[in-house]
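Just the one chain here, the form predicted on its own, laid out as C-alpha cells.
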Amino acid sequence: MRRIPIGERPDWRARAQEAGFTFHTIDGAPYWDESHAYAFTLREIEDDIEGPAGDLHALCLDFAAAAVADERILASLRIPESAWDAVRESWHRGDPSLYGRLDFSYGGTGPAKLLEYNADTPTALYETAVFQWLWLEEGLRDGRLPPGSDQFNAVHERLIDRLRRLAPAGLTGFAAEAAAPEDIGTAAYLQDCAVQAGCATILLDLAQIGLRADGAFCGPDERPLATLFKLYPWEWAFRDAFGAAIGAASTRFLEPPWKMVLSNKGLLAHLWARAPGHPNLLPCFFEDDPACAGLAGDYVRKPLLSREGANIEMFSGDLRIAGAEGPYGAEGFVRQALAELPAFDGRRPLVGAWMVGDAPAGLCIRESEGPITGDGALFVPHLIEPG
C-alpha cells in the first residue's frame, strides 16, 4: 500500500458537475482530492481487505441471529424495548439488506483491524461507485496511471443487481435530508440505480414522508411506498412520532430494522466476546465491564451510537491524547484497543470496504490529518497496481 502523487485533472470540477457529483466541495471546503491516490497490490486487496470483510460480515450475521433471540443482547445495545418486536420480525421475515461499509485501520502490513461497521446509513457511496471509477478510466486513457491499473470496485453493478432482485412491485421511495448535500446525493444515486434496475421510484425529503390510514408510509401524494430507503438512523426513527407505526407498516425498509444490532459500537464488544483473538478484530468491552482493565495500554472510547467520529476519544493510560466533540454518548460507551490509522506523508487513511447484499464489492479511502476520521476527512481515490 502506497500513497502516490498523481496530479489533478485540470477539468475535474467540470467533470464532477457533468457526472452529478455536486458535493465534491462542501461549505467551501474540499471533499474530493485527486492530487494523489492510494495504490494497493492485488494480494493486499484480496487477502487483507476483501476476504476479511466477507468473513466479518458473516460473523455479524451470526451475531444478528443471536441478538434477536436474546433480550439481554438487545438491552446491552440500548435498543429501546419498543423497537424489539420490529427488529425481531424484520429478521425473521428475512428482510434483505442493501449495503453497508466496514471501516478498517490498514496500512499494508499486518491484518486489517475492524474499527466499526457502518451498517445502517453509510455515505460516500456515489463517489466510491461512480466518480472514482471515472477517475480511473480517465487516468488510464490519458496516461496518468500505469497501463493495466485496476480498482476494487464493483459497487455500481452490484447495487443495480441487488435492487433488481429485492425490490417488490410498487413504489420505492428514497429519502434523505434535502439540506444535507452528501445525504441527498447518496439517496439520489441509489434512486438512479433503482431506475436502472426497473423499479418505480420517488426521491423524497425526509420531511415529506407521511403515514396513511392503512398503515403504509407514503410521500406527499399519499401513494403507498412498498419500499422505503431512508438515510436516517433507526434509533432516531423509533423516537419519532411515527416510530410506533414502523413494526406494523406494510412498507419494507432499506436498511431493515434488524440492522440496528449491527450499526452500534456495542457490536464490536460482542464480536470480540464471540471470536476472541480473531486477527481482524480488536479487544473491545462495554465500559462497565471489568474486563476493560485489561486494556491497560492505549485504547479508544466510543459511544454506542455515533457518526463521523463524533465523541470518540483516544487514551494512553489515563491521558486523553485525542478527541472529537459531538452530541453522542448518553446510551453508553465501549472501550476498544487502539489500532492507530497508519501515517502516509503526514496523512491518515481509513479504509472502507463496501458490502452489497452479503458480498464485498469495493473500497473507499477517507483521509484525515488527525487520528480520528471526522466529517472533514477527504475522499481519495485508489488503484490496484498492475503486475
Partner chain sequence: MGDGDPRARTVAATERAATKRSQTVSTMLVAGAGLAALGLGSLTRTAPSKDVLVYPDPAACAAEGIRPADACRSEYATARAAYPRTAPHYDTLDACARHHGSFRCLTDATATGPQGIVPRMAGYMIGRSAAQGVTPEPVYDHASGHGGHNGHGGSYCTGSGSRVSTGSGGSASSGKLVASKGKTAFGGFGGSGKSFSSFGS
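None of the values given here were measured: they were computed from a predicted structure. Positions refer to the first chain, counted from 1.
What comes next is about the form predicted together with its partner chain, which is not displayed.
Judged against its partner chain in the model of the complex with a 4.5 angstroms heavy atom cut-off, the residues Asp95, Phe104 and Arg348 are out of contact without exception. His156 is the sole member of Lys113, Arg252, Arg88, His156 with a non-hydrogen atom lying within 4.5 angstroms of its partner chain in the model of the complex. Checked against its partner chain in the model of the complex, the candidates Phe229, Phe152, Trp135, Trp258 yield a single residue with a heavy atom inside 4.5 Å, and that residue is Phe152. The chain is drawn here without its partner chain; in the model of the complex, the stretch among 280 to 288, 158 to 166, 69 to 77, 266 to 274 whose residues come within 4.5 Å of it by any heavy atom is 158 to 166. Contact check for Tyr328: a non-hydrogen atom falls within 4.5 Å of its partner chain in the model of the complex. Although the partner is absent here, Phe23 is a contact residue: one of its heavy atoms lies within 4.5 angstroms of its partner chain in the model of the complex. Its partner chain in the model of the complex is approached by Arg15, whose closest heavy atom lies within 4.5 angstroms of it. In the model of the complex, its partner chain lies within 4.5 Å of some heavy atom of Leu171. In the model of the complex, its partner chain lies beyond 4.5 angstroms of every heavy atom of every residue of 343 to 377.
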